[in-house]
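One chain is shown next in structure tokens, namely the form predicted on its own.
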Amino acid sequence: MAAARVFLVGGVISYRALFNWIRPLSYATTMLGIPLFQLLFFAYVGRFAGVRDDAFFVVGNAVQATAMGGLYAMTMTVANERFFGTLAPVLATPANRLALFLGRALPVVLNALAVSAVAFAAGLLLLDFSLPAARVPALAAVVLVTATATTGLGLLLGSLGLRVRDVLFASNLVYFGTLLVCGVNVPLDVLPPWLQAVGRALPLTHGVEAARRVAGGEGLGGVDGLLATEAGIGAAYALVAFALFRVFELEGRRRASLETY
């Protein structure tokens, strides 16, 4: 019961505390504006080059929009505890560490779903993309799995933020790297084999493929393997992230370096 309270209430309070300073305009221009203009840019470039139709870019970029929350928000939710000087008080509590750590992911996943929904709505309103209502529940399930997996990678980057000085650089590198290697705007099969291998080891790749199949009319039963792989990759990143979190916590206590740079 106490662990569940830490997971739910602690996660929400932490998210509000670390992001409550963001004004609505700032939120709209960053979390919503960047994915929207990214979607329009790649869709019109694709039209001009004649390589793919609008649906390819709408689905790819709308699913990839989960990375705005899953990578950036999750990274900063964990790393900002150190930056704002609240890490030591948090770790001084006897709270369950797994609940404390994973609870910060729940609001981020919900935020990632909202950002992706806005991107899909923009594609429906502004581009040559249609989505029958019957496919929406299955597509929402795919996006949920993908957002959760992406948040697992964000947890890993956030854990690194407890030790490295500039974790935002790593978040930027990974975010823009997913645009290339995860099949979002460039089909995976045209990439060099080593980049294909990198893409398949990252979240988003299998989620984007599953979303395109579902948007094309395939049911969840036809993409269950892709979703299982996506969930497994996200879980693996989250487990490594928690292990690093515990190592950095114990090392920080031993060296009294929890909040030093």
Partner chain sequence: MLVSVLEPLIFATIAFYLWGAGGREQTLLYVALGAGLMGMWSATLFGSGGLIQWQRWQRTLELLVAAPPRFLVTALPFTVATASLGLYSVAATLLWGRLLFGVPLAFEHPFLFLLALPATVLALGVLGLVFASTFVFYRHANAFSNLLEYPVWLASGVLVPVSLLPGFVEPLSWALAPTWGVRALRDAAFGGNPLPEIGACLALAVAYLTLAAVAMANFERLARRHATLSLT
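Positions refer to the first chain, counted from 1. In this text the structure is predicted, and so the values were computed from the model without any measurement.
If you look for the form predicted in complex with its partner chain, you will not find it shown, but the lines that follow are about it.
Engineer: All three of Leu110, Ala243 and Phe245 touching its partner chain in the predicted bound form at 4.5 Å, heavy atom to heavy atom?
Structural biologist: Not a single listed residue reaches its partner chain in the predicted bound form, so no.
Engineer: Find the only residue in Leu102, Leu179, Leu144, Ala122 having a heavy atom within 4.5 Å of its partner chain in the predicted bound form.
Structural biologist: Going through each option in turn, the one that passes is Leu179.
Engineer: What is the one choice in Ala235, Ala197, Leu220, Val45 with a heavy atom within 4.5 Å of its partner chain in the predicted bound form?
Structural biologist: Of the listed residues, the single hit is Val45.
Engineer: Any chance Val190 has a heavy atom within 4.5 Å of its partner chain in the predicted bound form?
Structural biologist: Flag for Val190 set to yes.
Engineer: Would Gly216 count as touching its partner chain in the predicted bound form under a 4.5 Å heavy atom rule?
Structural biologist: Answer no; every heavy atom of Gly216 is more than 4.5 Å from its partner chain in the predicted bound form.
Engineer: For Leu173, is any heavy atom within 4.5 Å of its partner chain in the predicted bound form, or not?
Structural biologist: Yes, contact at 4.5 Å.
Engineer: Is Ala201 one of the residues lying within 4.5 Å of its partner chain in the predicted bound form, judged by heavy atom distances?
Structural biologist: No, Ala201 is distant from the partner.
Engineer: Report the stretch among 111-119, 144-152, 179-187, 129-137 that approaches its partner chain in the predicted bound form to within 4.5 Å, counting heavy atoms only.
Structural biologist: Looking at the other structure, the answer is 179-187.
Engineer: Going through 33-54 from first to last, which residues have a non-hydrogen atom within 4.5 Å of its partner chain in the predicted bound form?
Structural biologist: Gly33, Ile34, Phe37, Gln38, Leu40, Phe41, Phe42, Tyr44, Val45, Phe48, Ala49, Gly50, Val51 sit within 4.5 Å of the partner.
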